[in-house]
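Coming up is one lone chain in structure tokens, specifically the form predicted alone.
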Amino acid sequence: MQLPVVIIGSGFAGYQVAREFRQLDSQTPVIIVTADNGDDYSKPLISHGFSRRLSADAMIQKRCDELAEELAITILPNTRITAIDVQNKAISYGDATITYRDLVLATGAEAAIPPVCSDSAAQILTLNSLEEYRHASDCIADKQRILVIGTGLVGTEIALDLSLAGKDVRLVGMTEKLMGHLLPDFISKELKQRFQTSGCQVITGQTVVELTQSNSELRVTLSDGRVIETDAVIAATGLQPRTVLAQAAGLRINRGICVDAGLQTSKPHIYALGDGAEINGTLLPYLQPIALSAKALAKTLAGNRTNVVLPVMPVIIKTPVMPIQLSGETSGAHLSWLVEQTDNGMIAKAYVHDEKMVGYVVTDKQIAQGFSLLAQLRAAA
């Protein structure tokens, strides 16, 4: 009996490995075990679903059974793995076990909830999965005032999307800048101004310290003592890799599940990729590195050990009031900038010691220039 490749997780990472592997090997059994219903959907669309009036069901690209048939794999939905037996190469769920040839952990990450001093913290909504989007959509359908916590990429996109959907939105973050880890000051300030102009209020440099229920509304207390009354609160304050299962199995864990360039964990025949994997010390929760990881891992699973090679990659920020593309080093006091401001947007190039371009940011219609700048970065890498 041929042992299967078993994949835990049915997000983009898990399904992409299955797709890539099936192109190389049509015979080896593949089993995907997932705690959710296994339907395939585009996770980035969640940040833009409210303005498009999309239901959760409308985001589903393929149902679980359709995908199983298409890829000739077995999918076990609504099944939670309770243990990994490294020595016997087996996983357990309920009273059942599955013995694997190779195991792939695509367990992803869960939304980090900011520490809030109150019993009402359970009412904070998150948008890290289709089911969370479904729940949030139901909760805010008849609500008007929404407070979004988190001024990073996801929080910023969600806040603007809700504003475009006609909601009264406040965006609150502990940093002084929007997406300060990605954007230089001058672009962050311009983005904040456009948010304010569009009707989305931005409050930076503040944390939420308390959340209390008052009749049908929530009262949010900020670190400066200000109190905001709102109908719903959504947190987009980062991701926490799911590592409990891997840690219990004795795999090496740091911020995520530690893997080498070949995506192998500290135990043989066990691999990891996606939001929960830390590749040589780096977490890369973006679609392109996950897609490249899946392609490399599929080759390894098919018998050709392949390391992941990650080129310089673009980050696309989908904020309609100010579309942005960037790549390379784009934030930090050590950078000097050459900026060209035009009627069609901004082209900003980052330099170190005024001689080597190490990053760029382009906005609005100048995004078209980003691909040539990306080619320059890749050539210089």
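Heads up: residue numbers just count along the shown sequence, starting at 1. Only a predicted model underlies this, so the values are computations on that prediction, with no experimental measurement involved.
There is another form of the same protein, the form predicted together with a small molecule; it is not shown, and what comes next is about it.
* Picking from 296-304, 270-278, 170-178, 247-255, which part of the chain touches the small molecule in the predicted complex when contact means heavy atoms within 4.5 Å? -> Answer to the contact question: 270-278.
* Check each of I81, A291, A136, V209 and return the one that places a heavy atom within 4.5 angstroms of the small molecule in the predicted complex. => None of the other options qualify; the answer is I81.
* To do: Decide if the three candidate residues I8, S47 and G108 all line the small molecule in the predicted complex, where lining means a heavy atom within 4.5 Å.
  => All three within 4.5 Å in the predicted complex.
* **Close approach of R63 to the small molecule in the predicted complex, 4.5 Å, heavy atom** => Heavy-atom contact with the small molecule at 4.5 Å: absent for R63.
* **Contact of K318 with the small molecule in the predicted complex (heavy atom, 4.5 Å)** => Taking the distances in the predicted complex, the answer for K318 is yes, it comes within 4.5 Å of the small molecule.
* 4.5 angstroms heavy atom contact with the small molecule in the predicted complex for V362 -> V362 lies outside the contact set for the small molecule.
* Does T330 make contact with the small molecule in the predicted complex, using a 4.5 Å heavy atom cut-off? -> Contact check for T330: no, nothing within 4.5 Å of the small molecule in the predicted complex.
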